[in-house]
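Here's a solo chain for you in C-alpha cells, the form predicted alone.
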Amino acid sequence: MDKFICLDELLFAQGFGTRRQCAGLIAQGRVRVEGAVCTDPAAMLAAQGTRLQVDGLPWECHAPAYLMLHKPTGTECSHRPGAWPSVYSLLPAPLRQRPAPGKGRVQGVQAVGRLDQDTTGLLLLSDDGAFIHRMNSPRRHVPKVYEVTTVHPVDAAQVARLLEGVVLHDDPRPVRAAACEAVSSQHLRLTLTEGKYHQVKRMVAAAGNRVAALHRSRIGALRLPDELAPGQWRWLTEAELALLAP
C-alpha cells in the first residue's frame, strides 16, 4: 500500500533542507508537483514516485533510496576524503542531505561497501540500513565480478591458483575466487564473495601477477549498464533490486 505524507514532510524526507527551509520553498512557490506549483504544505502526496520540481530541479521521490553509480577513477568512497574527491560529490545535494529514516539528523545515502580510489565500476548506494547490512554481510556471499587488467600476461597456472586459493599475509586460510577466467592475455574476470581489504590486488599478486587496472562490472545478478557513463548515477528499478535479492 502506498504511503502518503504532506508536501513539507516529503521535501524534508527527500533531503531538500530542514523542515523550516522546506516550508519556505513551498510558501515561495518554488515547488512544483507533477508540473503544477503547489503552495500547500499540507497537500498529501505519495512518498514513492511523486514527481517534483524544486527550484527547477526535476525530482522523482524515492523512499527509501536505492541507486547505482558508475564510480570513476580518482575518487574515494568516503564522506571525508583525503587526497581524492569524494564519490558523494557526484550526487545531487538532496541525496547527500537526506535525513536518516525515522530520525531528524542528516545522514544521506551511504555506499554499499567501498572501491579503492583507482578502481572503477558499479557502486550501490542507499539510506536503507538493513539493505546495506545485508549486501555487506559476509554470510550472504553476494558475488561481485571484477574485470582485471594485469601487468603481465595471464597463464593457466595463475588462474588455477586463484581458483584453488592463495594465502594473504594477514590470513593463514586460503582465499579462493568463486570463479576466474582469462578473457584475454592480460584480462582476468574474477568473481569474489568476500570483501577483504585490497582483496583483488593482493590475490592477483599472490598468484604471481599484478593489477594494472580494476573495474567492478557486476554485483549479484546486477550488471553495470553500458549506457551509464563514469560519474553518472541513476535510481535502481524494482526489477534491478530483485536481481540483488539472495
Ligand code: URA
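In case it trips you up, residue 1 is the first one in the sequence shown, and so on. Note that the coordinates shown come from a computational prediction; the quantities given were computed from them, not determined experimentally.
A second form of this protein, the form predicted in complex with this ligand, is not displayed here; the remarks below concern that form.
Of the listed positions (Ser217, Gln53, Gln199, Thr193), a single one reaches within 4.5 angstroms of this ligand by any non-hydrogen atom in the model of the complex, namely Gln199. Proximity to this ligand in the model of the complex, defined as a heavy atom within 4.5 Å, singles out one entry of Glu147, Asp128, Asp116, Asp155, which is Asp116. Shown alone, this chain has one stretch from 87-95, 134-142, 160-168, 108-116 that lies within 4.5 Å of this ligand in the model of the complex by heavy atoms: 108-116.
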